[in-house]
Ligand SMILES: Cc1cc2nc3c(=O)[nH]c(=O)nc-3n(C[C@H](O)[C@H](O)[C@H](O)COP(=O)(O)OP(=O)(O)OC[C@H]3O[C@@H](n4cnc5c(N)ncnc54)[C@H](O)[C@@H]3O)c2cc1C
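Taking the form predicted on its own, here's one chain by itself in structure tokens.
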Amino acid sequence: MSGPSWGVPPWRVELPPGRAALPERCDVAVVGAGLTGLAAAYTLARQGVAVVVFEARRLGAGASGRSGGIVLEGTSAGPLPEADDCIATLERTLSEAAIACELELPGCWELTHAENGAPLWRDGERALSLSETVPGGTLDPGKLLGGLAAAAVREHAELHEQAPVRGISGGAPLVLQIRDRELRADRVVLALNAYTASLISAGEDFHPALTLALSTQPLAPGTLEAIGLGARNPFYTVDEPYLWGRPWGPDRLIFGGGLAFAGSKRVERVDIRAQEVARSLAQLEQRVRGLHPALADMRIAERWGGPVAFRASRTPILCRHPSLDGLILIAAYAGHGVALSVHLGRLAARTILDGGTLPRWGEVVSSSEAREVG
């Protein structure tokens, strides 16, 4: 199965051994083997729950393997109950599962287009200045993703790649249509984020898109220090036009900015080779070259798009499906995905384990029945 044409990011994901045969029954089915789904599967499997994870393509082919790897606290909507200790959850998960993913937490810079303070860079005709340093840092998303998958498999969760779920129907248990088979599950965690609309409705206020990114070739010695990133802080702008970035490896940089929206909420139909998207990537590259003279001659190594989703309120979706009893839906956390995705996956798993409630802010206002798609 060929995936969408989104370019190739620099991350590499090591795959744990999979299982060829699909089971007929499980306690919990997790749809989507990204950071959210794998964190949920790992948490459940550690408690002896029979978990099966289904990934439509290959591990790392979607949002989690195309992240910029910037770690931030909370949500892009600001502090929310039960989503205010995401970095601590991430650190605890890494320690517990023995995952090495190059986590560094020097703090993240919030930049603004303002002349007050010492300008860091020039962004077109305006200065970019440091406004605040907030909790955060960076990691290698490929190593985190592969580490979570390996940890889940060690705890006896099953992971099936190239196994797209075509539909979910209600009942007790829920019935998932996979390939030419059906699987019955007492509970389902739907962790598709930007792909959610390929299976169910996530409400009218659900907007998937590609966020565009590029990485540089190794820079000349001393470049990071010359442009003010010697302390290796990641950054993002708090006003428009949006720009984010981070150091990568000993002497490379990653930058991102701009969105390519999907028609009919189907982000997999966006192609970065399309004229408009390619133009946006070229504008991003030109913009980065103009930030500082030391970046004027940088060489680009990779260009790619990463699928994201958000709501106008910027609050994530985390709720029990209103008409499919037993299904938990998690999506729409653009801007704060890395630590938050692990946190929400584990929160959903704990809710299944202890029968607790989910926070009210994550509810979907309107949603339709799951449907079979081609």
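So that there is no doubt, residue numbering starts at 1 and follows the sequence shown. Every value quoted in this text rests on a predicted model; they were computed, and no experiment measured them.
Below: the form predicted together with the named molecule, not depicted.
**Report entry** the named molecule in the predicted complex reached by all of L80, T112 and R314, non-hydrogen atom within 4.5 Å
**Finding:** Checking in the predicted complex: none of L80, T112 and R314 is within 4.5 Å of the named molecule.
Query raised in the report: Which of L329, V51, A40, V31 has a heavy atom within 4.5 Å of the named molecule in the predicted complex?
Result: Comparing distances to the named molecule in the predicted complex, the residue within 4.5 Å is V31.
**Report entry** in the predicted complex, the one of V270, A185, A163, V288 near the named molecule [non-hydrogen atom within 4.5 angstroms]
**Finding:** Only one listed residue qualifies here, and that residue is A163.
Query raised in the report: Given that the partner is absent here, does L347 sit within 4.5 Å of the named molecule in the predicted complex, heavy atoms only?
Result: Contact with the named molecule, no.
Requested in this report: Answer with yes or no whether T211 is in contact with the named molecule in the predicted complex, where contact means some heavy atom within 4.5 Å.
Outcome: Heavy-atom contact with the named molecule at 4.5 Å: present for T211.
**Report entry** the named molecule contact in the predicted complex: A152, any heavy atom under 4.5 Å
**Finding:** The answer is no: A152 has no heavy atom within 4.5 Å of the named molecule.
Query raised in the report: So in the predicted complex, does A191 come within 4.5 Å of the named molecule, heavy atom to heavy atom?
Result: Because a heavy atom of A191 falls inside 4.5 Å of the named molecule in the predicted complex, the answer is yes.
Query raised in the report: So which bits of 311-335 sit within 4.5 Å of the named molecule in the predicted complex, heavy atoms only?
Result: Y333, G335, in sequence order.
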